[in-house]
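Each of two forms of one protein chain follows alone as structure tokens, named structure 1 and structure 2.
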Structure 1
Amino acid sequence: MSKVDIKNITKYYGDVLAVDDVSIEIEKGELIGLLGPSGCGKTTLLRVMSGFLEPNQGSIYMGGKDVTLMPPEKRPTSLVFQNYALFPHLSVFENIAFGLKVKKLPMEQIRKDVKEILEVIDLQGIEERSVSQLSGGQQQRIALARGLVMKPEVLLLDEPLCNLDAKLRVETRDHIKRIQKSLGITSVFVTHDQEEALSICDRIVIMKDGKVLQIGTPEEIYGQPTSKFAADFIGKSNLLNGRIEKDEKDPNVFILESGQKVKIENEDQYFGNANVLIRPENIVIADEPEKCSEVNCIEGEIDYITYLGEVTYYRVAISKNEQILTSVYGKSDKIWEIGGKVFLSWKSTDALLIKE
């Protein structure tokens, strides 16, 4: 498997800057996710890696070899498309074997390779079935098999789960992760779905407006976002606007827009306007101030409730223009209702200061 070095890649579509001086190092056997909203440049970057687009600037190395100007068929890559791109009139065997036949391998070798890859994706015994008879999840795994059977050094996946329903998405992403780890293949996974990225990737690249904002493990991206955009884009979040004033005796006091004050960890002694990120799961909800378990305790009124079975989200208005979202997992002894007065508390260490 190959290490991939993306160095200063820039790509324009006419006057539109799609990818802006992007550099990423991908280790051998790593599954890295390109995550961001539509139009952020992630798919363009993937197509530059695959050779279907030529960059205006920069270079790409795979296994130490410069492949920047190499055509797609000469690169050590396989690209799995979001729309599967299967041939509906061909059987499962014929779809998977298509690339091997183009390479003019002996039929005996082709049959052996197809049989082996069907075992890897856990769909053995369906070689003669029409792909039109398969479920969406099975079709996606056949598309994956067609890429893997070519034994690429780098596997590129362009939003491969976007056409599946919620349950199939989870099942298929689990298959992809298991297969990728069992083969140890270097992989790049493009998605706009944060849950997919968090669950499947070794590291995540957050992109916006063609730029890389942050690279890190799922734990780092979720727990220590370095920008307001990343904090808001990954997971459910509370981003409280406010400031830290120099004339306050304690630099760990954060003043909300409403004038209320909360404790934070301001290790850099930063002063000025900022945001504080608090994840809903780190906030405790209570019906009396005496039950606030942490140093920060704010009164509010429930204005919206979302019940999702295993978790219930309560949105609490703490002022006219400020709301805080908290979550209660499992069955709760206390049932709160819209309009009810509640108290929210959290640790100062769970309030992350974001200076951007």
Structure 2
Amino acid sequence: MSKVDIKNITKYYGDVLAVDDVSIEIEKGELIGLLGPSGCGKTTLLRVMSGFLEPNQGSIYMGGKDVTLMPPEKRPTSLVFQNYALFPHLSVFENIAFGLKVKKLPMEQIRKDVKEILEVIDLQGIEERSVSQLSGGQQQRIALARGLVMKPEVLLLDEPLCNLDAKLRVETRDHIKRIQKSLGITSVFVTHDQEEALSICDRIVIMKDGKVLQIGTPEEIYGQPTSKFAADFIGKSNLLNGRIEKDEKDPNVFILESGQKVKIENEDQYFGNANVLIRPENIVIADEPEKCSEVNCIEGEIDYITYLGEVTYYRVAISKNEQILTSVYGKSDKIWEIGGKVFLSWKSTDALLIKE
């Protein structure tokens, strides 16, 4: 359980820049998520942390110690592989005991440790099974146990859930979170799934093209994205193009491409081209302008409906080139149809200005 300090890490593959001057401070016991699309450098960064890649620049400290040039076998890290990398020729027990045997611990100790860790992951009595006889979820947990049994200071997880089906994924991620919290182990979780990151991470690092775009708690990342990319990548979003004009007396007026004006919060008096982010769930849909509950009230026509059971999405065209997505949860009193005329409204505080 130690603090991890990533300082100015840069990694090239030949001429290709994979990680570009990344610095992250990870607190003790924190579960931090590296989130980004494939090719954003998140796995490369993880491999630099685990010691399988040497960075071209920068250094990594774990518990105050510089580990940048330490080989993987000497690092206080355990890596859980995307494909689990369980040893197919060894039994469950032998897989988990592998690292302990390398450490030359006495056998009684090994048996005890393995038993304990199997209790932690809630899989007892399968020690003698061959790993190929296990289900995907079980294999995943054994891979986790194999890493945890080493009592690492830092746990590194490389997309540990991506080979599981949707339902198991949710179960397993909650399980990982619970174990991580109960052991208080500093962890880094690589994923391209924003829902996964939002649901279990203490903080999320958004990465794109080898760079860190934003670091923050899930609430910050979702509520106050600082970039168009983060806004678009996390959750469903309406990103409207437009500008704030200086000769407009009120700096809180945002002019859409279609010329319509909406109210926003522009505290630092920014002028110029920008984007406005409005989350679908913050938009209220109504069939008459009088029913608009908030300041902004824009007229549009429904051009697409996605029904998902618990939620229904309406895409509303507010001009020829601009659509706004809004969601209605549960059973709505009113059923709208494609082509129906509706009015959308939202609070000015829910319209987030993204300067870019």
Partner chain sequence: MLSKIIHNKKKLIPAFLLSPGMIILTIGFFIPLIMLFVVSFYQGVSGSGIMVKEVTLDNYINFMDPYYAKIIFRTFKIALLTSILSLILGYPVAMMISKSSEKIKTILLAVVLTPLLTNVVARTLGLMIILGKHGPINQLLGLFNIAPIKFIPGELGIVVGLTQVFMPYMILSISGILGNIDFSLEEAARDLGCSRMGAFWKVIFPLSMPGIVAGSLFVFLLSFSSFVTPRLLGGGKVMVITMLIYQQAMQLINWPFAAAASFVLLFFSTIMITLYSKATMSKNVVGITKNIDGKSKTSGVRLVKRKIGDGLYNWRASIARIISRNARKIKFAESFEGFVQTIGKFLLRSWKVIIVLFIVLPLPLVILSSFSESSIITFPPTGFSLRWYAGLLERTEYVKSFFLSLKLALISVVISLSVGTLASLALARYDFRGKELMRSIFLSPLSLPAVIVGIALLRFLAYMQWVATFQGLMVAHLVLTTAYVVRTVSASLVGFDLSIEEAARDLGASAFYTLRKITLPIIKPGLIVAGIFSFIVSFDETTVSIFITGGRTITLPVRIFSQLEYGLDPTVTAVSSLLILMSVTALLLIGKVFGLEKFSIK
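Just so we're on the same page, rigid core means the largest C-alpha set that superposes within 1.5 Å between forms. Counting starts at 1 and follows the sequence of structure 1. All of these numbers come straight from a predicted model, not from anything done at the bench.
Matching the description of the form predicted together with its partner chain is structure 2; structure 1 comes from elsewhere. Comparing the forms between structure 1 and structure 2 on their rigid core, the Cα displacement of residue 89 reaches 2 Å or more.
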